[in-house]
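Shown next as structure tokens: one chain only, the form predicted alone.
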């Protein structure tokens, strides 16, 4: 799968697609996403099937299989990609979920709860009256707010998409 030649059969310019993949991946990495995971994620987004094997990803991104392996492990961990295997096949395929953003954000509830608990410990250790303790408590309250509001926002999204 070459990224350098236009593909008239699919009606798209693969050079333009490759530029988009790199640009959007750069946007993700500037926001803190690991660079290779960002490239793999965006590459999956631009496939019509939303899925590729590790070999296809390595070929299209011109990287090693090891680089793809680490990237997909991260993407699976954060809930943006799932691993699947066709019956009888020995190759895994990595797929972006249709509802990937919803699921990625909806799963944050447990993470926010954990952070809130840890932050409470930090406030207790530092003292709520100290500047550092106050800063940690504000952070805890922010995550508490997000945890309370996120389900409402997700419901609005589902209603809009429904």
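Because the structure is predicted, anything quoted here is derived from the model rather than measured. C-alpha atoms forming the largest set that superposes within 1.5 Å between two forms make up the rigid core. Positions refer to the first chain, counted from 1.
What follows is about the form predicted in complex with a further copy of the same chain, which we do not show.
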{"query": "Heavy atom within 4.5 Å of a further copy of the same chain in the model of the complex - residue from 64, 130, 107, 53", "finding": "130"}
{"query": "Partner proximity in the model of the complex: residue 122 to a further copy of the same chain, non-hydrogen atom cutoff 4.5 Å", "finding": "yes"}
{"query": "Any non-hydrogen atom of residue 59 within 4.5 angstroms of a further copy of the same chain in the model of the complex", "finding": "no"}
{"query": "a further copy of the same chain contact at residue 69 in the model of the complex, heavy atom, 4.5 Å", "finding": "no"}
{"query": "Residue 37 within 4.5 Å of a further copy of the same chain in the model of the complex, heavy atoms", "finding": "no"}
{"query": "Contacts with a further copy of the same chain in the model of the complex - residues in 14 to 32 whose heavy atoms fall within 4.5 Å", "finding": "16, 17, 20, 23, 24, 27, 28, 31, 32"}
{"query": "Core-aligned CA displacement of residue 136 at least 2 Å between this form and the one not shown", "finding": "yes"}
{"query": "Did residue 35 shift 2 Å or more between this form and the one not shown, C-alpha, core superposed", "finding": "no"}
{"query": "Threshold 2 Å Cα movement between this form and the one not shown for residue 108, core superposed", "finding": "yes"}
{"query": "In the model of the complex, whether the C-alpha atoms of residue 108 and residue 30 sit closer or farther than here (change of 3 Å or more)", "finding": "closer"}
{"query": "Sense of CA distance change between residue 33 and residue 135 in the model of the complex, threshold 3 Å", "finding": "farther"}
